[in-house]
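Given next, in structure tokens, is a single chain: the form predicted alone.
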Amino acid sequence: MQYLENIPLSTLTTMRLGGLARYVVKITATEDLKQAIQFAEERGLPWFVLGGGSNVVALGDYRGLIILNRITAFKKLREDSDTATYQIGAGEVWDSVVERLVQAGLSGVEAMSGIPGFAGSTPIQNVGAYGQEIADTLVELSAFDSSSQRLVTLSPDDCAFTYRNSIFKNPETRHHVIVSITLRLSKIPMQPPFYPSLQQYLTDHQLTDYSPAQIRAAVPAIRAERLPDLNYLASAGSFFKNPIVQASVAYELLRRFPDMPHWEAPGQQFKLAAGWLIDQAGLRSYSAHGLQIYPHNALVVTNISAQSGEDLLLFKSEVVAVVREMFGITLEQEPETLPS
């Protein structure tokens, strides 16, 4: 393995911000991973595993080792009349995984087409889109437990999935590096009712074919209207989480804003639409510090000309303050911040 030194973090993350990483190494096997962690620990350095960098923002330098997980595998483990189960390496490009599963006629991840990054990143924040999320299909995953220095198998319950969260994202429980994920896919296509924007697209285009291939064709078209092309415009995708609030808070807001989008959530709570809140606060296309609220989707923050993490922090604080002033809700950042 080759340990590269002083690599710009802007080249490793899609928001294209950050200073220098002291070391960067690419791994392609579990043994590589063990050696990389040992390399960092022998030098008293922190380490951080990075996939495609599409859900991580870097604000400054990173004084430790960035491990680029590129462990590949794509293997059918079993199949019956209704399902098929596949083991997928953490370093497989996620959209390519979706493409191959859809080509096999399998349903369960087709609505997550077009999501950037690698397969091993999907359980970290329980990635989801248009009515599907990784927790729905995950059977188990294999991970290297850095606290015990051994490979372990974790069930979905072990992962403690919640909305855009898991044990892999919580700093207090984060000591696993995902090596592979095992997904069980269905041979039965998705059925309505669909996620609203997906349903609207199908209705507008008079589509009644709900096959995985058709859904996979529809989703990128929807995403193209609402999300920037990362090849041309720097972004970390959805920057703000949809807030989950107590029912009493939602009812009070609905009294003031009857048209506010809202969905029931577990525990007598409601999920609200962060993008709607930002729009209603008058921040559509808001631009400052070299960053902008994406005109086609207020959840997305794009980097137009920002040069530092401080620019992003200032921009974020301004958006959060305006929304809090109007609605009494504090928006939370969805992408993880790389520790300094």
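Counting begins at 1, following the sequence as shown. From a predicted model like this one, the values you see are computed outputs, not experimental measurements.
Below, we turn to the form predicted in complex with a small molecule, even though it does not appear here.
Enquirer: Just to confirm the contact call: exactly one of 143 to 151, 175 to 183, 87 to 95, 159 to 167 touches the small molecule in the predicted complex at a 4.5 Å heavy atom cutoff, so which is it?
Expert: Flagged stretch: 159 to 167.
Enquirer: Just one of Gly290, Gly275, Gly64, Gly60 has a heavy atom within 4.5 angstroms of the small molecule in the predicted complex, so which one?
Expert: Selected residue: Gly275.
Enquirer: Just one of Phe257, Trp263, Tyr251, Phe74 has a heavy atom within 4.5 angstroms of the small molecule in the predicted complex, so which one?
Expert: When the small molecule is considered in the predicted complex, the option within 4.5 Å is Trp263.
Enquirer: Spell it out for me: taking the small molecule in the predicted complex, does every residue among Gly237, Lys241 and Asp279 have a heavy atom no farther than 4.5 Å from it?
Expert: Judged in the predicted complex, Gly237, Lys241 and Asp279 all sit within 4.5 Å of the small molecule.
Enquirer: Decide whether Arg223 counts as a contact residue for the small molecule in the predicted complex under a heavy atom distance cut-off of 4.5 Å.
Expert: Although the small molecule is absent here, Arg223 would touch it in the predicted complex, with heavy atoms inside 4.5 Å.
Enquirer: Wondering, does Ala217 line up within 4.5 Å of the small molecule in the predicted complex on heavy atoms?
Expert: Looking in the predicted complex, residue contacts with the small molecule do not include Ala217, since no heavy atom lies within 4.5 Å.
Enquirer: Heavy atoms within 4.5 Å of the small molecule in the predicted complex: does Ala298 have any?
Expert: Ala298 belongs to the contact set for the small molecule.
Enquirer: Any chance Glu334 has a heavy atom within 4.5 Å of the small molecule in the predicted complex?
Expert: Yes, Glu334 sits close enough to the small molecule in the predicted complex that at least one of its heavy atoms falls within 4.5 Å.
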